[in-house]
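Take a look at this single chain in structure tokens; it is the form predicted on its own.
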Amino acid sequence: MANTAPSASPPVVAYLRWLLLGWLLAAVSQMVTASTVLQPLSDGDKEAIAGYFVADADGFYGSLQETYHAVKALEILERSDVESQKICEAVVKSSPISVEDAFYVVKITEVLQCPQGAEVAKVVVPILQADVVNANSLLELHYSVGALATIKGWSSNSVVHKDALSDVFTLLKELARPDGTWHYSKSDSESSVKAAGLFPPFSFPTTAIVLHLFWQSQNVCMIACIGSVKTAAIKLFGNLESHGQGVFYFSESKDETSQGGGALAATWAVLRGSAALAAVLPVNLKVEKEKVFGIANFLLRTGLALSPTEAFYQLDSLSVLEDYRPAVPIIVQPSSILSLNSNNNLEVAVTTVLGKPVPQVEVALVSAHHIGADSPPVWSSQNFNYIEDSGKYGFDFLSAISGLGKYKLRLEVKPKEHSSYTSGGLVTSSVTVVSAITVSNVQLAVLDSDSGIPDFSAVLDFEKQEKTSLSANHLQKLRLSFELTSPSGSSFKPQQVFLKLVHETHVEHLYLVKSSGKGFELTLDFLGLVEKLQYLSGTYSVVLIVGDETMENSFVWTLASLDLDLPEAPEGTALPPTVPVEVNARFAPKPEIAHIFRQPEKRPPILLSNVFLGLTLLPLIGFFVGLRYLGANIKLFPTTGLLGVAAFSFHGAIASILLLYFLFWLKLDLFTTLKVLGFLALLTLLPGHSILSYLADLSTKQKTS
């Protein structure tokens, strides 16, 4: 179960990785532009991430590193399906041969709280202590010092000597650069953002551990080092890159030991490292809250990860932001739809990036404007109340609202005193106020083309979805009129109002219904529509379609069945299009075909078949009787030597051919029978020639004598 480091990625793979990152960041920018409301990690996202980690029969999830990623991610997701006991037993039995293996054995033991911690420490401490003395790179320091510090938390015994700690801190100062980046090793000429983070060589966690151990050892020189370490950490955040719209991330061009991950891995590395450093520094890291929220913006808008490793990066980064000392980003999610019928409150959910409620804030509605209306704000400077039952913040938004439509909201979240929460500034969102619309005075009439007098008229009830039957010809008209009323009593103008005529052959014709005064009206003159209707007489369904995003009761209502009589098409007129095939019928499963080459013939009764079988055997019996009558014998049948072998082979081959004929009659097909018959013919030819030649010579000798 050793965890070997992968080889460097080929140039083509690295190029594709950065190409994918560029596309991803472009997509993130488009998503941010489309929606300014950030969403926390949903239950569906958590379930999808958990699906990346599947254990084998031993309870492991691959290598030691992959197993650590899995158990850590599942711990964050609060999953209970991890076989902790089985993994702990396997970890104890493993034999780590490298400092990297030892590190992940210790980290797995820590996450699962294995009771065999003392046994693990006894095996790995000698490996780790030897590496601390001989370490020349951040990678080695991270594995050895990090694992030893974890083991020290299990017992009060010192596992790292003061002199070794001093040498470690000296090496860290040699690898650090003034801009906050770090060299991977002494021989490395380039510096890296990721080297300052956590994976693979991580300076900040290592520095944090050394500081913590030195303070426990009451080392005075460490006080002077605090300022330089803090300055380096703050400068590192100056390397943040932005793709606009409040998205911040760290990028990484040096990828020799990063094992992939790109910007996601680099961002995770710095977050994890700076969090470890902030936890031990006596002074807070002054990182701009907008940048911390921008990092959360990047992590939540990248979508689901493409691999278990990236899933770990994303999930562990978000878990760090849950309790990030410089600033904790919070997500503000207002209601998107409010109904005048139910008179519900405007609710705002304030959560962490992983979806946990945040009650220690104050939520205020800065302003609310009706989109598309030239009017002053309908609300301004209103505070929300915290709702204990739901863990959300509520406000009676509809009490001053009379019109349906979209309202632009500007929300402000104010953390309480000494709180480090940040929402990234004012939150801009929109809420749609909807309601059921009253449909009344629905009238359908057939008019005379000349006089306009109704030949037939029907008033339909929308609540009962009534339907009527009509008949008309090309010299008449069809008129539809109805009214739509909003809850305030004013006339309602929906976005979509159509009348559809559907012929019995599924040919459809769509007509726009325009508003007329307080209602809507449409008149169809069939004389002018004869050509558009393609001279198709027959039964039409008259369907009314009304829809709007603010209507709770948008509908498709079949008003009538219209029997329309149109004149015959003139000679040479193009025929109407063929009946369209329904999509469901086209792609539905086809009926199963049970193909039979030939129906079996009717067979005779069993008794008759047995009688016929007996009659066919009579000639064979007569053959044997005739042989005995003629005095046939086998006295000259050779039984020794090559002639005996040939005789037995020849008769055996003849018997095999007869058996083959029987099998052919019973079950074999013609092609198989011919193949076997060709083989048996060769076996019959050679011994048959020998034995027949012998009999001919024998007969000749008898005649001459």
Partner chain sequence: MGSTITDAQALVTALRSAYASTLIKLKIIDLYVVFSLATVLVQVIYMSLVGSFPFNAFLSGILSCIGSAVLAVCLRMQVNKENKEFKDLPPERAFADFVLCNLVLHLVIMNFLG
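What you are looking at is a predicted structure, and each value in this text was computed from that prediction instead of being measured. Positions refer to the first chain, counted from 1. Think of the rigid core as the biggest set of C-alphas that the two forms share within 1.5 Å after superposition.
The next section is about a form of this same protein that is not shown, the form predicted together with its partner chain.
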Task: Close approach of Arg603 to its partner chain in the predicted bound form, 4.5 Å, heavy atom - done: yes
Open item on the list: With a cut-off of 4.5 Å between heavy atoms, is Ser451 one of the residues that contacts its partner chain in the predicted bound form?
Closed with: no
Task: 4.5 Å heavy atom contact, Phe664 to its partner chain in the predicted bound form - done: yes
Open item on the list: Test of understanding: in the predicted bound form, would Thr673 fall inside 4.5 Å of its partner chain by heavy atoms?
Closed with: yes
Task: Partner-proximal stretch of 316-324, 384-392, 498-506, 624-632 relative to its partner chain in the predicted bound form, 4.5 angstroms, heavy atom - done: 624-632
Open item on the list: Would all three of Asn441, Val459 and Leu529 be in contact with its partner chain in the predicted bound form, where contact means some heavy atom lies within 4.5 Å?
Closed with: no
- [ ] Would you mind picking the one in Leu620, Ala400, Ile97, Ala118 that has a heavy atom within 4.5 Å of its partner chain in the predicted bound form?
- [x] Leu620
Open item on the list: Between Gln113, Asn343, Thr616, Ser80, only one gets a heavy atom within 4.5 angstroms of its partner chain in the predicted bound form; which residue is that?
Closed with: Thr616
TODO: Take the rigid core as the frame of reference and indicate whether the C-alpha of Arg603 shifts by 2 Å or more between the shown form and the other one.
DONE: yes
Open item on the list: Aligned on the rigid core, do the two forms place the Cα of Phe612 2 Å or more apart, comparing between the shown form and the other one?
Closed with: yes
Open item on the list: At a 2 Å cut-off on C-alpha positions, does Leu512 qualify as shifted between the shown form and the other one after fitting the rigid core?
Closed with: no
